[in-house]
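Only one chain is included here, represented as structure tokens and corresponding to the form predicted on its own.
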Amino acid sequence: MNVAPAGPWALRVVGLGKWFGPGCDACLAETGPEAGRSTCPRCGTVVACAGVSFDLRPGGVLGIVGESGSGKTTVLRCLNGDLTPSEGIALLGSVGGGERDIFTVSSQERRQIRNFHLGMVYQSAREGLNLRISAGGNIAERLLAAEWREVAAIRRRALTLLERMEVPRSRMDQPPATFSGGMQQRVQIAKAIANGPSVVLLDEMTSGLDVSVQAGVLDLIQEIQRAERMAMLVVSHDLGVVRLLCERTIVMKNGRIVEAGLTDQILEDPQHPYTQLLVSSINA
């Protein structure tokens, strides 16, 4: 059962910023799209993202696109707790009535949020899976962290999810290290959604997969999202992925948002020169 958000949004992010380095008074002014760089020329600090704000509605799918180094993956990793943000707040509608900043919670609360309220699908399935244990065991780890205790129920849930991901029943007890890249990604998705989180974060989940495998994974994500009504934040450099999955899209460059709106509107009538360049590259 999904964790129902209490507010009108599943996730609200306000002024998120993350930089690597000492920082100085010139960092924000001398980085970004207008400067054409993310590294401060005075102190060498990398401003991975700054001033990032958005809302993700319950059951909605929001895309974040941009070239490598645009800051899109940094946003996801801050939200998942893999990185500590330098500034900003993030609110989950399902946590504390939507009034608890998840960036300021204790480490224990952060683990609870990850176990119950968030799911993460990494670009490399090897980051999201324990390759030394079975596919079913990976899902069991997630369910145990979410306080599932009945072994039979855990196994049933794992089997149901893997079959839904089109992973053969016969491979449930085999380690993902023996799987293809596409099948590893399917197991990672099953693990991420196992406990019915209110928000799922997906980072370039089809990058590196063959085109035919990509299509199958994307179809499964669409099917899951429609059936479970989970809110999803999708990071991709591929506008085709965003067009297929996302109703709204954010475009990032050099750590800043340069355009945001309905996906169809952005792809059909881009306003920012960088967005125009991205769109023209797929239409060429």
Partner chain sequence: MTAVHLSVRDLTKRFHLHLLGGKTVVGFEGISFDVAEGEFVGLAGPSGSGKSSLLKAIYGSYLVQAGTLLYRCIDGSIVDLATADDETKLALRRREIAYVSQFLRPAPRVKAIDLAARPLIAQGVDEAEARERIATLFDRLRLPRDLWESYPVLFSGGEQQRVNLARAIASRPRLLLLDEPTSALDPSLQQTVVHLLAEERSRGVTMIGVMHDETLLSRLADEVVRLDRGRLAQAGVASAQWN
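Numbering follows the first chain given and starts at 1. Worth saying up front: this structure is predicted, and the values here are computed from it rather than measured.
One more form of this protein should be noted, the form predicted in complex with the partner chain, which is absent from this view; the next part is about it.
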Contact between Arg42 and the partner chain in the predicted complex at 4.5 Å, heavy atoms? no
Any of the heavy atoms of Gln222 lying within 4.5 Å of the partner chain in the predicted complex? yes
Do Gln108 and the partner chain come within 4.5 Å of each other in the predicted complex, heavy atoms counted? no
Should Asp25 be classed as touching the partner chain in the predicted complex when contacts are defined as heavy atoms within 4.5 Å? no
Non-hydrogen atoms within 4.5 angstroms of the partner chain in the predicted complex: do Ile154, Arg164 and Ser207 all have one? no
Counting any non-hydrogen atom inside 4.5 Å, which residue from Gly32, Gly51, Gly216, Gly69 sits next to the partner chain in the predicted complex? Gly216
Would you mind checking 228 to 249 for residues with a heavy atom within 4.5 Å of the partner chain in the predicted complex? Arg229, Arg243, Leu244, Glu247, Arg248
